[in-house]
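One chain is shown next in structure tokens, namely the form predicted alone.
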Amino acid sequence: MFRRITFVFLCLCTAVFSLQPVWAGSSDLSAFDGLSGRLTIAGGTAHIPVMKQAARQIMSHNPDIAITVAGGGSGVGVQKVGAGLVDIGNTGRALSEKERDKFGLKSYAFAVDGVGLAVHPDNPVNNLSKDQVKGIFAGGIGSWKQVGGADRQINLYTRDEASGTRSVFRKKALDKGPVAVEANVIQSNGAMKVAISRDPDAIGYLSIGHMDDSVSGVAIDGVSPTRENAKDGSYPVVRKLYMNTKGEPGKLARAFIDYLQGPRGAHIVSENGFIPAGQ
């Protein structure tokens, strides 16, 4: 009898503990109760993992809501939300005054991100001075041997000019210096990671939230591009990630923004390697 009572007690405890995450999230998701319709999101590619995870949770909670998430870069985010083609346009940089005035946009920051320099994992170069980084991207340094690596050509990768990731990297890592025209242009953070992971002579830059063991982060002046260094301010190439709406957001967009800026959204942001904007 004792064993049976103990077994039942353990089963009840397991059930209670297994329900805890559901209770913890339901208070945030309850904001979507009674809402319905389609929410369209496009723009910054660094945002995509966070947006998709939030969208999955919301649509699982309320099947009457459909959320689509597309990339395209920060420039696309601004243009599409400004033209009324999407409800939320994402950017990996702050809007310019001209963009705000032209389209009547409002911005909502939800995460802090770093833009990290990265090479192939087999490359022994793990630290560069800022002057070396500027020299490599300007095309003046063309061999890894010049910065302590093998006697091989450096293959340069960059983002297109509409990219918020490029904008922040060029401003804070290159002091607005030039990027060589020979550089390979990559369309997203995810594609940049794949390109570097497949090219032993590559160097490029991508969101810290997208970095994993398939690439090797390179320190700038001795400071590695890690989440911890971005959070404490020692790594200088950081930016905020924004959601932008044309005027005041509608009910569904408002609920989505509040969700990502709330406790559950902060958890999703951290899970994907970023820093919640409020921390």
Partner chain sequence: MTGKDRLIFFFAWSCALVTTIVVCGLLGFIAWQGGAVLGPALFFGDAPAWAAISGQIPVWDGIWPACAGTLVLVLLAAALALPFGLGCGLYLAVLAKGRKKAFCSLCINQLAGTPSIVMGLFGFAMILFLRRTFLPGANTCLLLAGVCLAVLILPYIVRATQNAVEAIPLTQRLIGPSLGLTLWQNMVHCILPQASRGILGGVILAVGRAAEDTAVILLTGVVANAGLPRGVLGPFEALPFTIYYLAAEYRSQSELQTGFGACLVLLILSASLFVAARWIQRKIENTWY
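Residue numbers count along the first chain shown, from 1. Keep in mind that this is a model prediction, so the values were computed, not measured.
One more form of this protein exists, namely the form predicted together with its partner chain; it is left out here, but the text below deals with it.
Among heavy atoms of Pro124, none comes within 4.5 Å of its partner chain in the predicted bound form. For Gln79, a non-hydrogen atom is located within 4.5 Å of its partner chain in the predicted bound form, even though that partner is not displayed.
Residue contact check for Gly140: none of its heavy atoms lie within 4.5 Å of its partner chain in the predicted bound form. Put simply, Pro249 is far from its partner chain in the predicted bound form: not one heavy atom of it is within 4.5 Å.
In the predicted bound form, no residue of the candidate spot (Gly135, Arg152 and Gly204) has a heavy atom lying within 4.5 Å of its partner chain.
Only one of Leu35, Val223, Ala70, Leu29 comes within 4.5 Å of its partner chain in the predicted bound form through a heavy atom, and that residue is Ala70. Though its partner chain is absent from this view, in the predicted bound form it lies within 4.5 Å of a heavy atom of just one residue from Val237, Ala253, Ala55, Ala219, which is Ala55. Heavy atoms within 4.5 Å of its partner chain in the predicted bound form map, among the stretches 170 to 178, 116 to 124, 144 to 152, 81 to 89, onto 81 to 89 alone.
Residues Arg38, Thr45, Ala46, Ile48, Pro49, Lys52 are the members of 38 to 53 with a non-hydrogen atom no more than 4.5 angstroms from its partner chain in the predicted bound form.
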